[in-house]
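A lone chain, given as structure tokens: the form predicted on its own.
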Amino acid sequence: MRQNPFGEGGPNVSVIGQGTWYLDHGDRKRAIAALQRGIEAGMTHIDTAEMYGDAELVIADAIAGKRDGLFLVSKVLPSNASRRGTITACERSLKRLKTDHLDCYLLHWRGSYPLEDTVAAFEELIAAGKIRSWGVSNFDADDLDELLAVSGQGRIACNQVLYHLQERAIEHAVIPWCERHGVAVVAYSPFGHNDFPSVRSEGGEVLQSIADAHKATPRQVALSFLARAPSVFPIPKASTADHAAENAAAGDLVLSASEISALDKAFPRGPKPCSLPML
């Protein structure tokens, strides 16, 4: 667990959380069991979005009777992010999740509505007790500059961005920006998108070697590497209870400086891209 950086007064947040993109595409009972096993193992940070199909409904079943102590996050689509549309979307998500509040509510990515309108809606939702904090997703450093000018210091709880061993673009500007301004960084797709390094690859061999030294798995090593900065909170998705328990255990894995250096060399961050990568 880490001290809650997403807003004052909320619960502490688990270093490793639970993503839910595509959660509704498989067996529902297995998905619920995976979420519940993750909660039991301490992964109380659960992330979803209105874009994720029926994931909110699956989560509602998984957290029934377990809402206290959870850090529940959802997102509004840019096409709904007008002042009134944001409030309506949030209320819809609350109904689907069967809860009276979200711990954090995010703008999924920048759209055509002015940031002033979306931020005003977020602040209205806070005043109404429907959300406890708000943030954004897929914002580059220049987007964050614009947002800060609208919101003022201390209002942006987090920025959720693509981050995995083979996609480290956010280390150039986004993570430094967030650390300067006290904004949490939530790493989505921390295993990549169906392209986790093979053990037969050069980087995969390094991962396996470090995993063997810790009696861990390569995926646990990858999560620990991403979470090496206190500002970063990875949110892997698990499709089974065993995978959820494996992900949770990564929160206790501490890599040495030499192991971090070896991973840095095996998976170099590369040059700063022209635009922020996203899925």
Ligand code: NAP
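Note that the structure is a prediction, hence the values are computed from the model and not measured. Sequential numbering from 1, following the sequence displayed.
There is another form of the same protein, the form predicted in complex with the ligand; it is not shown, and what comes next is about it.
The ligand is not shown here, but in the predicted bound form it comes within 4.5 Å of a heavy atom of residue 21. The shortest heavy atom separation between residue 112 and the ligand in the predicted bound form exceeds 4.5 Å. A residue is said to contact a partner when one of its heavy atoms sits within 4.5 Å of a partner heavy atom; residue 153 fails this definition for the ligand in the predicted bound form, lying far away. Shown alone here, residue 210 lies farther than 4.5 Å from the ligand in the predicted bound form, counting heavy atoms only. 238 is the sole member of 238, 58, 227, 221 with a non-hydrogen atom lying within 4.5 angstroms of the ligand in the predicted bound form. Distance criterion of 4.5 Å from any heavy atom to the ligand in the predicted bound form singles out 193 from the list 84, 181, 193, 92.
Stretch 130 to 138 is the answer when you ask which of 199 to 207, 76 to 84, 130 to 138, 170 to 178 has residues with heavy atoms within 4.5 Å of the ligand in the predicted bound form. Every residue in the set 47, 52 and 189 has a non-hydrogen atom no more than 4.5 Å from the ligand in the predicted bound form.
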